[in-house]
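What follows is one chain in structure tokens, specifically the form predicted alone.
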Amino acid sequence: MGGGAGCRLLGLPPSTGRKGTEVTDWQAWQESWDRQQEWYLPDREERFRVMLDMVEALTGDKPRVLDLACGTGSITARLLRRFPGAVSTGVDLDPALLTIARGTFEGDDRVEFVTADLTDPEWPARLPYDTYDAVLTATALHWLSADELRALYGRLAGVVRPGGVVMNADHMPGEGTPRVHAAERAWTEARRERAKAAGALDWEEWWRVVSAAPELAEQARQRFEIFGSHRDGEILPASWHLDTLRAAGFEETTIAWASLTDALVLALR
């Protein structure tokens, strides 16, 4: 199979070179990641919109952004579409997702990617800038334990400039409403089953496709050596995040967006 095999498996045509040689369509891979994530998060674009609204409100339209646990670069893609004058540094440890991100943004000098473990106390030393206007992350930090996330928030206080902002959109269910959450989980599971029956790729199926693609098979193997199938951290309520960010040195914290199960917390340095 040629380099575009993974795109064919995803129902996407491969790009071709000048002489008809197949080359990897990294943009197609990035978009396939977005579709797989939307299978779990139908309101994903809404949280991104609110996140970028607050970036503009608090830092202007030419921000220097740290895309934390960036994956394939979903936040960076939306950031640059909205703010062409922005610059972004993506940080992640996943070799497969970073390969897709680097391929997607190859040649764009507004974007850099850094391989780093966010549990390593020294990871900020790898960044190309001393400080950032905004640190943005979505649906990623729940992989960390409470102690690891508390330490990370402390380090972010030294990465974002005074007056800058940190925003984390993640699973942060409300407290004291068990029947509401049980009903929501049942409804969501039924929606997912309908989507799967219609041919949508879930997390496991998407990674099977990645692992079978020659352009990503080795990176996928490395990725599963690092993380396993899925790393379970701690799902913590928004109140915990707000309190922990304040204790880390942020002057103002608030919930910028919320659903029944997720929230976007904002911390102003």
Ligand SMILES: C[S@@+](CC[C@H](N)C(=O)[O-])C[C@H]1O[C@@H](n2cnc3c(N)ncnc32)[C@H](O)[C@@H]1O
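Just so you know, these numbers come straight off a predicted model, no measurement behind them. Numbers follow the displayed sequence, beginning with 1.
From this point on, the text means the form predicted together with the ligand, which you will not see here.
- Annotated contact segment (heavy atom within 4.5 Å of the ligand in the predicted bound form): 111 to 119, selected among 160 to 168, 111 to 119, 127 to 135, 179 to 187.
- The partner is absent here, but in the predicted bound form a heavy atom of F48, alone among W39, W206, W240, F48, sits within 4.5 Å of the ligand.
- Checking A151, L80, A195, A140 against the ligand in the predicted bound form, a heavy atom within 4.5 Å turns up for just one residue: A140.
- Interface membership of L52, defined by any non-hydrogen atom within 4.5 Å of the ligand in the predicted bound form, is ruled out.
- Although the partner is absent here, F227 lies within 4.5 Å of the ligand in the predicted bound form, judged by heavy atoms.
- Contact annotation: L97 falls within 4.5 Å of the ligand in the predicted bound form, judged by heavy atom distances.
- Taking the partner from elsewhere, W33 is found to have a heavy atom lying within 4.5 Å of the ligand in the predicted bound form.
- Heavy atoms closer than or equal to 4.5 Å to the ligand in the predicted bound form belong, across 53 to 85, to the residues A69, C70, G71, S74, ordered by sequence position.
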